[in-house]
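The data below hold one chain only, encoded as structure tokens and taken in the form predicted alone.
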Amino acid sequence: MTEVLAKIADSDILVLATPVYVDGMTGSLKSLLDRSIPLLHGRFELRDDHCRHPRREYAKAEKLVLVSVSGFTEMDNFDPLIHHMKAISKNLGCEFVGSLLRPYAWMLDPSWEQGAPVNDILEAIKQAGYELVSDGTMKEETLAAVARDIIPREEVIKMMQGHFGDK
């Protein structure tokens, strides 16, 4: 963990990536975040009328970004995770600069494409990364292109019912 904490402390932008698991992040990401507490002082300070631990001087990250995928089609499945990430940003004293989100991400696998083109989505994902590194943020139109519908929700439901049946 010492090595990981040093890399986190030395980063300008903290990019946290996780699939949505039961409306939140994976246990391993939560454990990593819990174990990152040494990047903060024990004392309190008042920020935005809220008690917070100040960041240690050597912890550089000023910005936090979420990258996440979900198996479901609706974007609101990401809402609890985004809310949690915004709280983590406040606790770490970082600006939350956005979320790169892809619903029913399993459709990006060519074996699930069913003839639906996804190359534009893959290019938008690359573009979002470029924007983040060069501008420190991601454009709303790029994020929307990543999250665009591939096929209608009803077709997704039929595909999943056909694949899993009563399993």
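Counting begins at 1, following the sequence as shown. Keep in mind the model is a prediction, meaning the values are calculated, not measured.
Just so it is clear, the following notes concern the form predicted together with a small molecule, a form of the same protein that is not shown.
Asker: Decide whether residue 93 counts as a contact residue for the small molecule in the predicted bound form under a heavy atom distance cut-off of 4.5 Å.
Answerer: The answer is no: residue 93 has no heavy atom within 4.5 Å of the small molecule.
Asker: Within 4.5 Å, heavy atoms only: does residue 99 come near the small molecule in the predicted bound form?
Answerer: So residue 99 does not count as contacting the small molecule.
Asker: Under a 4.5 Å heavy atom criterion, is residue 118 part of the interface with the small molecule in the predicted bound form?
Answerer: No.
Asker: Check whether residue 146 has any heavy atom within 4.5 Å of a heavy atom of the small molecule in the predicted bound form, and answer yes or no.
Answerer: Taking the distances in the predicted bound form, the answer for residue 146 is no, it never comes within 4.5 Å of the small molecule.
Asker: Mind checking whether each of 19, 69 and 77 has a heavy atom within 4.5 Å of the small molecule in the predicted bound form?
Answerer: Result yes, every residue of the spot touches the small molecule.
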